[in-house]
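A single chain, nothing else alongside it, follows as structure tokens in the form predicted on its own.
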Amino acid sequence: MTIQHSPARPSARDFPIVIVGAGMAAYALARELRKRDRDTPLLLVTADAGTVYAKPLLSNALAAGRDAGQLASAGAAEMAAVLDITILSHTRVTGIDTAACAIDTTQGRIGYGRLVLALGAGARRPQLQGDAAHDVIAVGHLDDYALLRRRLDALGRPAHIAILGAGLAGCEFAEDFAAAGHRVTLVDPARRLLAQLVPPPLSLALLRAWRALPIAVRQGHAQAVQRAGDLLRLQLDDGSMLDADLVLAAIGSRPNAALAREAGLATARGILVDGYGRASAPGVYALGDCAEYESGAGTLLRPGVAALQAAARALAATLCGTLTPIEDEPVLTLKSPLCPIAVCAPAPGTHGEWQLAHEDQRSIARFVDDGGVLRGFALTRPAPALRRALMAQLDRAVAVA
């Protein structure tokens, strides 16, 4: 991808920095910009209400009895006043004209000095057959969580919930639902929990931590979902059936890149950016879950709150005149009260093996390549000091490579 290093227009500072989106990335960037610059006009444009909430809380709020309203920490009007920015809520961006340095919205055309796309990622929805396929819920937004709560509240009793996917989100939802008194069946094509992230001993450690919870794990791939009276009936690829009150899809997310793609920006899975967050048109940047970064081995997505916050700090510095590379924050965390796990997965295609150790009542797995170099790790009950030490070893290993 060829990155244009010039600003969008020579008089860029006479126009606002426009941020499209109102998720954690958008607000994190606005906060970081205001720490550095109180004067440059900032305009945030969002198709929703602009409510501030922490997306990671969606998967562990039920047991705490928190509804969607309680997860919201501030509204758009409050954030506009606190940060001294303009927020256009319920305003959809319909197009981007990079030549004219403008966006088209449902409230008209808006010019920008620099444009930041913080479009986030949408929850993936499984391709299912059957008359109840549209009843499967995927929670990727506060509104989705509100729908989930309404469905559960309408039952008026403990539910049996089938969760499609046993990755980070699926496992977090499973533990949260079980702790709230519901029965859960996790359905995943893999034979074990977190199969794409951690070695078998850590999957087993999580399963053992759940032994007192009403959580079952079932291997299989859902193909269809039908109405069966008041229940939803899942048909799996082995021909077996599973009845549940509610079906939740937790099979990952997809970067929201359609708007950028339609504008002619370079995209792959997400919006392609360089190490500074710059997209393929002058003065256009992408941040958060919608961004896909160039790297020496190709391109990569950088999910997780830590990665988002690091990117917001660096991009704010760049937009304020100090070109600052975005450092990777590769550690993901399973937010499990019973068995928290921190994971820094090795890059796809890395050859090597997991080496397991047990220290201070925690399991530590190190992924070592064929040359004996540390390329990833996973550990239960992660202590900050140990995590920092492993990251330092990993950084040195990458530097040597």
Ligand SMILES: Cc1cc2nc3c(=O)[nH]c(=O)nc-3n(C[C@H](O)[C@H](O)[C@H](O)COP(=O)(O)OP(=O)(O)OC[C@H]3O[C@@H](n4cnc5c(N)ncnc54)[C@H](O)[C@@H]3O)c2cc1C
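On a predicted model such as this, the values are computed, not experimentally measured, just so you know. Counting begins at 1, following the sequence as shown.
Just so it is clear, the following notes concern the form predicted together with the named molecule, a form of the same protein that is not shown.
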query	finding
Complete contact of 40, 84 and 116 with the named molecule in the predicted bound form (any heavy atom, 4.5 Å)	no
Listed residue (282, 165, 140, 199) with a non-hydrogen atom within 4.5 angstroms of the named molecule in the predicted bound form	140
Interface residue in the predicted bound form among 335, 66, 362, 34, criterion: non-hydrogen atom within 4.5 angstroms of the named molecule	335
Contact of residue 341 with the named molecule in the predicted bound form (heavy atom, 4.5 Å)	no
Residue 246 within 4.5 Å of the named molecule in the predicted bound form, heavy atoms	no
Exercise: residue 289 in contact with the named molecule in the predicted bound form, heavy atom 4.5 Å	yes
Contact of residue 267 with the named molecule in the predicted bound form (heavy atom, 4.5 Å)	no
Segment assignment from 315 to 323, 88 to 96, 216 to 224, 181 to 189: heavy atom within 4.5 Å of the named molecule in the predicted bound form	88 to 96
Heavy atom within 4.5 Å of the named molecule in the predicted bound form - qualifying residues of 361 to 393	none
